[in-house]
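One chain is shown next in structure tokens, namely the form predicted on its own.
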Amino acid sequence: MSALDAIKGNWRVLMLVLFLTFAVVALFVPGGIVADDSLAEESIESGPTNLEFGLSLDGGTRIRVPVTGMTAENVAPDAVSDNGEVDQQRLDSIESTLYQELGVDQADATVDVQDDGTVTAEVFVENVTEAEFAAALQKANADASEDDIRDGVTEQTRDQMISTIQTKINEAGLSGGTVYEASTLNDEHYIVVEVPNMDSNELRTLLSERGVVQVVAYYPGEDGNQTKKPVLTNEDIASVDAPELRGEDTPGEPYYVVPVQVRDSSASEFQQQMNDLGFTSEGVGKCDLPEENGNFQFGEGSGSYCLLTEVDNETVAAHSMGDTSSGGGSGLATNMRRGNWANDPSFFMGAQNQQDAQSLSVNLRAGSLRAPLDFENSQIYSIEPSHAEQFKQYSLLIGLLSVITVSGVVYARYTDTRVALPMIVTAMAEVVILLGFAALIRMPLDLSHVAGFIAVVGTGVDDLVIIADEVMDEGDVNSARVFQSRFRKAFWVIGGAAATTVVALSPLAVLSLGDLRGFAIITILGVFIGVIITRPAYGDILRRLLTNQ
């Protein structure tokens, strides 16, 4: 037999070997076969495999929380023409009226065009009633009454929040964290956040911070009193680098800064504002705002020129601009005064300590949450790492027991190692491929997934028994043609069973039913891997052993 004929006759076995090789690489080679392993770097270095573990097997917290807000839908049909052209001026006018009538910040109300072309208005604060919201919309000549207001936010807002929270978790270095949406039959929507190795208080603190960052100019006004004026926001920042420690070799305490790059479209205006307000002339080095227990005393410090860093309207740092000639910093004031800073618009945002700097960096990278989360109606599930370690050990023990039990039953049934041993090896190969796939996509494994793996072993061996029985029960196999005929008959049976399993478990895999979803996903993946890869390969192995062809 030529090499080409050997490949043609055993391509199913070769495909099994190929998938096994990829699975082993994905499982055990640091970084696996995915080039970007930045999100899984910690787990790769700390464990012998590239597997990620979820809450049940690694400890951590899951929080299920609704979004604070009210929505009025289809409030301004006149703002979108029949050809899809949007009257942005009309939308901005409604938004401005909402700010004024409801007395809310710009971040707490929005008017947007949805994917279906309708215009929705949303308010993200708790102290506004439906009647007040409707009255504000009517003041803006919008078509809305109190009956048109509903609790909750739009799908567009929820999607943006999920994306922002996922970025926050990734930027905070919390490998394995996931964020998704869950809905009830009453059309109530929740955001579910799962983070391994983090207790409930830490996670709640991370999510409570909405992350609205702005740089505020604090300077003497025309009337002599100190004045505040926002000069930069999250949207004006183009890129953010990791926090840096400064001042280690100079007198005074070291401090942390976050290097940022301002968007070109905002740089010139920011530079002009700093020059006009006096920050680059009489205000150079003049920030003497008193601080007490981490809180800045704004009633004092008259004559100060400070750039304040505010997160969610709370001042976390206050700094003055330095001049090159005075040796105070990087010479930001000098470059702005000369007008060449806007050509390379980068500077440092200050922070009082490393934690504030890290939090500021995460908020700038992830952006701000579009709406706050309603923690009063949240559900929190948390498990200690020590308990999770026990579950991990028990899961490994149960897996080994299931393999030993299945192997014993298979051997007792056939008492023929030619049939039983390939059957056991093929079933185990199915689990290895599945584990490799989980490592490849960074799937955080949980107890529900362990149950799915055990179900895969059971259904896999069951299908292999059907193949062996169908091939051998009708007498000796004396030719490859006879084998193929009986094998095809068996394959129709297991194919039909696999289709039934997939159809039955699909609703669990699609709907938000908690841990049942993980069980369904692993079982369905195992069924597909078995039908496409392992069971045809077992057929080739059995043919070779029974017919020597």
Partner chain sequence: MAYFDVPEIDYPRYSNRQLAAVPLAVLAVALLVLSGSFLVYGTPVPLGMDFAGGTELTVQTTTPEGQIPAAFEEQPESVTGAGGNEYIVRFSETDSQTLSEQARENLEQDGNSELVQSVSSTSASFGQQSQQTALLGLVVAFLGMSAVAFLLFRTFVPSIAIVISAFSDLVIPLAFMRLTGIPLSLGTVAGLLMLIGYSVDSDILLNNHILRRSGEFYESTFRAMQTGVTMTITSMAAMLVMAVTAFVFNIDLLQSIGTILFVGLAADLMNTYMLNLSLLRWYKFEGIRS
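Positions refer to the first chain, counted from 1. If you superpose the two forms and keep the largest set of C-alpha atoms that fall within 1.5 Å, you have the rigid core. Because the structure is a prediction, the values reported are computed rather than measured.
Here the subject shifts to the form predicted in complex with its partner chain, a form of this protein not shown in this document.
Exactly one listed residue, out of 127, 205, 353, 272, brings a non-hydrogen atom to within 4.5 Å of its partner chain in the predicted complex: 205. The contact with its partner chain in the predicted complex, taken as any heavy atom within 4.5 Å, belongs to 415 out of 145, 415, 89, 343.
Contact with its partner chain, judged by heavy atoms within 4.5 Å in the predicted complex, is confined among 128 to 136, 112 to 120, 445 to 453, 69 to 77 to 445 to 453. Proximity of residue 402 to its partner chain in the predicted complex falls within the 4.5 Å heavy atom cutoff. Though the partner is left out of this view, residue 496 does reach within 4.5 Å of its partner chain in the predicted complex, counting heavy atoms only. Under a 4.5 angstroms non-hydrogen atom cutoff, its partner chain in the predicted complex lacks residue 29 among its neighbouring residues.
Although the partner is absent here, residue 347 sits far enough away that none of its heavy atoms falls within 4.5 Å of its partner chain in the predicted complex. Contacts between stretch 384 to 400 and its partner chain, counted in the predicted complex as any heavy atom lying within 4.5 Å, involve 384, 386, 387, 390, 391, 394, 397, 398, listed in sequence order. The Cα position of residue 66 differs by less than 2 Å between the shown form and the other one after fitting on the rigid core. When the rigid core is held fixed, the Cα atom of residue 416 travels 2 angstroms or more between the shown form and the other one.
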